[in-house]
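Next up: just one chain, as structure tokens, the form predicted alone.
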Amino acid sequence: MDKINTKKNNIYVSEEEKTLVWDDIQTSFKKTFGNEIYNSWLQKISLVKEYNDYLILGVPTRFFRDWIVSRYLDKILEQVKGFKLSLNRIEFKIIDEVKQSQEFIKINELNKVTEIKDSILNYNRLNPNLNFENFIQGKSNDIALSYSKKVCEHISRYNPLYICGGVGLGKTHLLNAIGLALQNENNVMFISAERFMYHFIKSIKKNDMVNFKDFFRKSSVFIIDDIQFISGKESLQEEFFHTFNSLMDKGSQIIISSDRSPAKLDKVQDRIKSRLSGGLVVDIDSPDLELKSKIIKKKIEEIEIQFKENINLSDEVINFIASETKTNIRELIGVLNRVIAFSRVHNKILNISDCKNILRDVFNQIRVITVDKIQNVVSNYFNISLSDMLSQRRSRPLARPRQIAMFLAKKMTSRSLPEIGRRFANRDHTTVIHAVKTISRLADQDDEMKKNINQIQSLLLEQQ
């Protein structure tokens, strides 16, 4: 029997294809991604236009769009395909820019600082879920936790407090918890170094540095995340140095996080390293087996409360997951979610043998793949030197391998876009986004590109 087509918004849609109900999709987002990610990011996505094979979704800002594309796009597409199988791509439209620009013009006529303030608040709200109560304590983080709490009791006693450690170990959680504990009685500023740079550049372009300086230097508690991002950015470092000194002079508490100690910050002025080292530097180490087991059990408890269901994982399976996950807490939660999802789908109580099969590829990649290894394998594969591949030269024989290496770094490691950019001679995260999009498109269109990527991935996984 032939399909009957009807015309809707000048697009012919098969009667077999149901019009999407966006509220239902949002409900699925909440279940799949969890409350924290949903409330922070996905809740603000709107359906602008629906076609047979793709959607146009609305988001508030470019930053919002880039963040979603870099972290959640694949899973979002997977979710919407569950409601309409013919969908194969998603495009994003910035829907609030015109309205925001009109509002900013009115605001600026009254008070230019308001624009900075509103924009900061939009991106840097303290997360109420990241508090001291739900931070799981262990040997690897008890010193950092202890001094984080002491800072809340005695402002400026340890100043600055500098927390360093690898990716996904809880630094941002502690910074957020400090902000929550102090916000009622203090003027708390919580911002990432990347966003600090964004507002710095924006203020320079608008010739509005006076208001920028006034706004950032009036806080009584200044919390800045991922300070390593200022590496190599001389003008930004200059402004941060003077902001730091101004806050110290007025007795404000400064709390900073980084993925390395002050002495190991590359391309950062010595005088800044000296200031950062002048307070208290505490490390967060990789979690031990006991802490990982506690984190898994706490996460299972949260899932059971949230979804009102029982998660049947034995202590044997929990210990297996904890012992086999060698990297960080973020990876640990990802592995746990994968096991729980498999158990749900197959309605099965899992044993260690099941977990080994489910997680074989995950554990292989966690143990083996690093950005450095990807760079070396890609440069050898294309017979070019590593220094040439990481250089600023843009010729095709160098640019394409560089983009492939960025694409694989995003796909095969847990590094964030800014981190990947820094490993490629301090390139901006938008360069990484462009590389990922370009190689993804070429891999779909060009068999030779697809073959190259598959061969490089095989080389990476074979070299254990």
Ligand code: ADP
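Numbering starts at 1 and runs along the sequence shown. As the structure is a computational prediction, the values presented were derived from the model and not from experiment.
Separately, the form predicted in complex with adenosine-5'-diphosphate exists; it is not shown, and the next lines address it.
Of the heavy atoms in Asn187, none are within 4.5 Å of adenosine-5'-diphosphate in the model of the complex.
Interface residue remark: Thr172 is counted as part of the site for adenosine-5'-diphosphate in the model of the complex, having a heavy atom within 4.5 Å. At a distance threshold of 4.5 angstroms between non-hydrogen atoms, Phe135 is in contact with adenosine-5'-diphosphate in the model of the complex.
Heavy atoms of Val167 reach within 4.5 Å of adenosine-5'-diphosphate in the model of the complex, making it an interface residue.
For the candidate set Leu236, Ile295, Ile95, Leu87, a heavy atom within 4.5 Å of adenosine-5'-diphosphate in the model of the complex is found for exactly one residue, namely Ile295.
Shown without its partner, this chain lists Arg330, Arg344, His242, Lys75 as candidates; in the model of the complex, only Arg330 has a non-hydrogen atom within 4.5 angstroms of adenosine-5'-diphosphate.
Contact with adenosine-5'-diphosphate, judged by heavy atoms within 4.5 Å in the model of the complex, is confined among 346-354, 207-215, 172-180, 376-384 to 172-180. A shift of at least 3 angstroms brings the Cα atoms of Gly170 and Val69 nearer to each other in the model of the complex than in the displayed structure. An increase of at least 3 Å in the separation of the C-alpha atoms of Phe200 and Val69 is found in the model of the complex, compared with the displayed form.
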